[in-house]
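Single chain ahead, by itself, as structure tokens, in the form predicted alone.
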């Protein structure tokens, strides 16, 4: 077996879930899976339709974004993934999509407010939206700077990437991550659903209040707290 086969398989499975869950169209989006011991990750090749993907054509790149194995060009977002893996070693997988509702909130340059218990089942804060990138950063290495933009926003807000596993980039789209590529895909689906629910709630009642703190804590802790009781 190829020494990178495990992360190739994991990245492939994650990428194939994206169209199945309605999170991508055409060749939009990408997923990756990392091997921190080897300091490499497997990522979708750029511009290849999902129907044409296989584990073998996942591209192996290092934490500088250089191809280690593979005949195809890696995703154009590779350097964003590389920055996040390098700076946040707890991450096991990363997903980038242009899912409709999440991207709409990003284009509106707004955090997704925590308005209901579905959101609170997964995190206790709004889903943050980083501001659009400064012109100097855009003119530089755009994908690299996107990674730095995410890191900077989390630092500014004093957010932990292991507690808040998702972000919007203003005028761009969502990025999510997790301890595995599978969890990163799950978080992408959660982000999209929370974005949709928040949008619809505000359309029904533009003055709808945010979820009160007692319900936020109750719903988060029953799944993730020291005395959690959700599930088997």
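Positions refer to the first chain, counted from 1. A quick note: this is a predicted structure, and the numbers were derived from the prediction, not measured.
Omitted from view is the form predicted together with a further copy of the same chain, to which the following refers.
Within 4.5 Å of a further copy of the same chain in the model of the complex, a heavy atom is found for every one of 72, 76 and 140. For the chain shown alone, residue 101 is a contact residue for a further copy of the same chain in the model of the complex, at least one non-hydrogen atom being within 4.5 angstroms. Contact check for residue 87: no non-hydrogen atom falls within 4.5 Å of a further copy of the same chain in the model of the complex.
Within 4.5 Å of any heavy atom of a further copy of the same chain in the model of the complex lies no heavy atom of residue 226. a further copy of the same chain in the model of the complex comes within 4.5 Å of no heavy atom belonging to residue 35. The partner is not shown here, but in the model of the complex the stretch 192 to 230 reaches within 4.5 angstroms of a further copy of the same chain through a heavy atom at 193, 196, 197, 198, 199, 200, 201, 203, 204, 205, 208, 209, 211, 212, 214, 215, 218, 219, 222, 223, 229, 230.
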